[in-house]
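The chain that follows stands alone, in the form predicted on its own, written as structure tokens.
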């Protein structure tokens, strides 16, 4: 029996204001294929950022937000991101809301990380997800009033999922986009990938480890991005940042789902957040601001 020794190809670049890193396992003869796949995967991150950025005046999302009360037929990529976000907003009764962009800007999250320039759209507040009309049959989006769409909890996960397609033919790979992770296949030892869970209450420490394969794991925490009056996970139903949780980790089939569900569960709080994850067929762990840890029924099976 011939034993195949796998090689490891790695690469990292910055997209969406975060470090995006790939690790791809391949056979000796597949070095060029791995390099091509890495370039293709980075291309998806570039495409999603060009399309979905709230901070780039030239992005397709920004151009869409400039057109009010008229049906717009966006690209398939942007339409899929907006439709997913609006559907989750409906299922969570607005705890997740892609129309929160104006409030994000008002809280200080309005700076293009590439240029350092502030890029507010200056739309009035008060908008909500119900003001975004999605026509799935026609493939159009209509904004019923001036608003700023924020896809920060959707776009990065979408980019991870698209990049994962480029690595589908390899024995194993990991995509890590600032804590939004997809682990495909197996590690070099033939087992599942073991991922460390950051302790949201301690700098640089781990709260545990989980083992996953062909699945995504994403974390939302109040330590990630902060402004003077709080952190970046706003409660769309209130006037400030969500406060019941300090960190939420979600395991799901796709990174887009895991990323968005982590944000939604963070806003909903421990009880309703866990109920949402179980309704959506995901697993997760919520660390609360009063020191508790709450998990879905299936989360323990991933622990190592």
Partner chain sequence: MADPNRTDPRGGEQWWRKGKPGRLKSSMVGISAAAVLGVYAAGYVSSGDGAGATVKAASPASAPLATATAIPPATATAAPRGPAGRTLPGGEVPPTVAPTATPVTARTPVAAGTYKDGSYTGTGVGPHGGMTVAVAVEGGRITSVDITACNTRWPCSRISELPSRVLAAQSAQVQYVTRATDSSVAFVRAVSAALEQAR
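In this text, all values refer to a predicted model and were calculated from it rather than measured experimentally. Positions refer to the first chain, counted from 1.
Another form, the form predicted together with its partner chain, is not on view; read the next lines as being about it.
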property: 4.5 Å heavy atom contact, residue 244 and its partner chain in the predicted bound form; result: no
property: Residue 73: touches its partner chain in the predicted bound form, heavy atom cutoff 4.5 angstroms; result: yes
property: Heavy atom of residue 271 within 4.5 Å of its partner chain in the predicted bound form; result: no
property: Proximity of residue 147 to its partner chain in the predicted bound form, heavy atoms at 4.5 Å; result: no
property: Proximity to its partner chain in the predicted bound form, single hit among 166, 177, 195, 143 (heavy atom within 4.5 Å); result: 166
property: Residues in 247-276 close to its partner chain in the predicted bound form, defined by a heavy atom within 4.5 Å, in order; result: 252, 253, 254, 256, 257, 261
